[in-house]
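Quick heads-up: it's one chain on its own, the form predicted on its own, in structure tokens.
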């Protein structure tokens, strides 16, 4: 083991104005920090995170973690990680990356590593040329020789004009890093220990190499929500372009939001104003949108969804959802299910070839095959007298439910039963029976005329 990565993620991120740690803000459904870990996890044998104690440890499972109790700067953060790599030989390699730069990729780190080895550097800096370097550390040279990196808060007016900046990504030989860390202090305007000061110390005795990043980035670190939105737009474009190259059609990619973990099958078409979130998986030959939001759900092949919300549910093959449906969590729809206009379904199973075409609420129900649920049907699953308990409705195969029916749970409609329109059903309906649960019609002849007179 000769290569270790340290990801610096201990900063508070005051400019985010948030109770959430900066590196845990999400970009396309994934915490910013993990884009940084992706960049180094295949380049080095180990990845160590230096984080704030305010970060939920559950989110960091699987990583080696050390906590920076107080935000005393990048130099202090690296010091916290050093005891974890005491077994690394003195000539071992340490890659240091900031956790707030989600646009750096594995290829950038691999290329920097190759450069570092080829040049035989003691330290190598990944630099960039920025037309707007405000807030970034400037690289000061004499001729081509590195002198030091100056932070914005410490820079002179002349130094602030320098456009060559540090990305905050470095490769160190271990013994040089230890030596440099032992000599830095916090005598600066921020009262912090700067890792950049280590570079100036090392430059007096060892070669400090500089490699310019081969591609332009729109931001070189996320420090506020404006920069967060810029990084998000960049990563969103990458995700959509990858999916298009894999066979997905986006009618208007600029209006679509697709999270990092979303999977979409070939020949699926995504119309404008769709939002696909979380760990959603869409099958082949589906049609989504316009105006669809799907979160943490599975959608089977050849299903069509328009103008609807789907959350935490399983949608089978060849289903039709919408327009204006609300599919709440914990639903399972089998093949060829139709959930139509202005229908809400919650925590229910709807079996193959059953239909809820319009204006209905189905909650805590088990619906069999070939069932037709008429317009305006409601499953009354909540009495309000049993705490939060929701009562179940069981509708067996082949049941026909007339329009504007009210099913008062708990209740069972047996196979092939027929519910007359406008019924309030409170008791079990036997197989192939007609249930009529409404007041008998009475016509009062001439009542209207008499009333008006």
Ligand code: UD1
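Positions refer to the first chain, counted from 1. Because the structure is a prediction, the values reported are computed rather than measured.
Note that the form predicted together with the named molecule isn't included here; everything after this is about it.
- A heavy atom within 4.5 Å of the named molecule in the predicted complex is found for one listed residue only; from 104, 294, 136, 339, this is 136.
- For the options 194, 271, 146, 309, the one in contact with the named molecule in the predicted complex, meaning a heavy atom within 4.5 Å, is 194.
- Residues placing heavy atoms within 4.5 Å of the named molecule in the predicted complex fall in a single listed stretch, namely 167-175, out of 250-258, 358-366, 167-175, 379-387.
- Not one of 319, 353 and 371 places a heavy atom within 4.5 Å of the named molecule in the predicted complex.
- In the predicted complex, residue 223 approaches the named molecule with a heavy atom inside 4.5 Å.
- Although the partner is absent here, residue 72 is a contact residue: one of its heavy atoms lies within 4.5 angstroms of the named molecule in the predicted complex.
- In the predicted complex, residue 438 stays away from the named molecule, with no heavy atom inside 4.5 Å.
- Using a 4.5 angstroms limit between non-hydrogen atoms, residue 151 touches the named molecule in the predicted complex.
- In the predicted complex, the named molecule lies beyond 4.5 angstroms of every heavy atom of every residue of 266-289.
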